[in-house]
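What follows is a single chain, given as structure tokens, in the form predicted on its own.
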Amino acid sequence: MQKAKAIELEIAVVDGVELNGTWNRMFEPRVISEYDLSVLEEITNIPGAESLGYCYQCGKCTAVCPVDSVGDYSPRKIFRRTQLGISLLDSPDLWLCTTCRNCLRVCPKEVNMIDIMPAVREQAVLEGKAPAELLTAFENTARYGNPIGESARKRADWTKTAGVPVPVMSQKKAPVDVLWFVECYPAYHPRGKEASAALARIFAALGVDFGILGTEEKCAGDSQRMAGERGLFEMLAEHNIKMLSKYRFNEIVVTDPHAYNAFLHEYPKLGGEWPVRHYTQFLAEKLAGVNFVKGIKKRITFHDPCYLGRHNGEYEAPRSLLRALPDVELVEMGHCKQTSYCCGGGGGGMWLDGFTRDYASERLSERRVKEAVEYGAEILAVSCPYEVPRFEDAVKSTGHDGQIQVMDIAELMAYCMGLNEGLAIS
């Protein structure tokens, strides 16, 4: 494709002065585009992806895109490549976005990747163009109700290690104040189960009247929706809404920010509308009744989950819990709150590490662990179930094993309340 040429007049008279050749090109409109925009229009014609065409190449998104910090990526670059005839439907660019929302935070034209990516990905999935490892997560979710591929019958097995009663709604057969929606990684992943057990002990110590769905629960499905499987999301949501509607409760408390996002914004569209809070929001309001019996003499930093922070504006609740822990020194990293970095797990990224390896110099989780170490943190605190396994792997792969620990806030609280004696803080 040839570059557009500026218009040059043979003679131009400006204020009585004759200018010829290159000297007069600034006095006439210049051609800035002679591109075939059919490929771009193919994308912007997809419902939800219209705003990709709004980009005017200011580059603000590139400066804040976490994926660009480890590769060659940003909405501006995606627009430019599509403008030049590279279809986003066939490009690896489609699957690299973690939907962290940092680009939309700074975009003056509101190019909304949170709408664009799921819409275009859905079309790619329909055309059979999704990466194999993502399809495996979709298939596992459809078959077992969770992306890990674990048996649905084992969903409540983690409760056996909690050491306190964890009521299952189908057995309790009585109203509760709190319906705790546990989610998949907290129910199945070894580290997720440890955090769930810690949270159950906290609920019991605070006298919270709660229950879980147990085997009646399936994945909330928000990450699958953002990865392009809206049909699967709707199937999961309809199932969960049906199960939840069987019981009486005052509010839903969720472990996972992605589930929080789904219950807050997506489930109401399908008829499932209840008050919902992330567990850090719920516990922050109960701090006055918490009895801490020991401290943690460590420097702790907190990683803001994208779907709790930028997507839904909650920055204070997790920090209020960490500040309340005795003897803790809380330090903020350079990228925090609205400008927080991304763990790489959002938007389907949790199941795309193999795919993204070819397009990045390092994983986003590795970059984040390095930043935590740079700020002298001895514990990296998290409040999203994707993050403990991602960051613990990154601690090892970056050579910082033994230097920094990754802990869920629920684990840290339970430890200081004397409810998590098995937790080793080195």
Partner chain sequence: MGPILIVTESTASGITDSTKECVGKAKELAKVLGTSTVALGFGPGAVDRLRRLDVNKVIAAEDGEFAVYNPAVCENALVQVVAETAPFLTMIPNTTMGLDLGAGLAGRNNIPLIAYCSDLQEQDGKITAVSQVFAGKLLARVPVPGDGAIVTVLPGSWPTGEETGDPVVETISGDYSSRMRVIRVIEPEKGDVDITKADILVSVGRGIESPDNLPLADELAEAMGGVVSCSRPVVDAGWLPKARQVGKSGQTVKPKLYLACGISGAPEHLQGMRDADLIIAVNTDEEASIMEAAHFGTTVDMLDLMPALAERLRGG
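Owing to the predicted nature of the structure, the values given are computational and were not obtained by experimental measurement. Positions refer to the first chain, counted from 1.
The form predicted in complex with its partner chain is left out here; the points below concern that form.
Judged against its partner chain in the model of the complex with a 4.5 angstroms heavy atom cut-off, the residues 248, 251 and 266 are out of contact without exception. For the candidate set 374, 358, 36, 41, a heavy atom within 4.5 Å of its partner chain in the model of the complex is found for exactly one residue, namely 358. Checked against its partner chain in the model of the complex, the candidates 335, 77, 101, 189 yield a single residue with a heavy atom inside 4.5 Å, and that residue is 189. Just one listed stretch, out of 148-156, 77-85, 204-212, 321-329, contacts its partner chain in the model of the complex at the 4.5 Å heavy atom level, and that stretch is 148-156. Under a 4.5 angstroms non-hydrogen atom cutoff, its partner chain in the model of the complex lacks residue 60 among its neighbouring residues. Under a 4.5 angstroms non-hydrogen atom cutoff, its partner chain in the model of the complex has residue 133 among its neighbouring residues.
Put simply, residue 396 is close to its partner chain in the model of the complex: some heavy atom of it is within 4.5 Å. Within 4.5 Å of any heavy atom of its partner chain in the model of the complex lies no heavy atom of residue 367.
In the model of the complex, 350, 351, 353, 354, 355, 357, 358, 363 are the residues of 339-370 with at least one heavy atom within 4.5 Å of its partner chain, listed from first to last.
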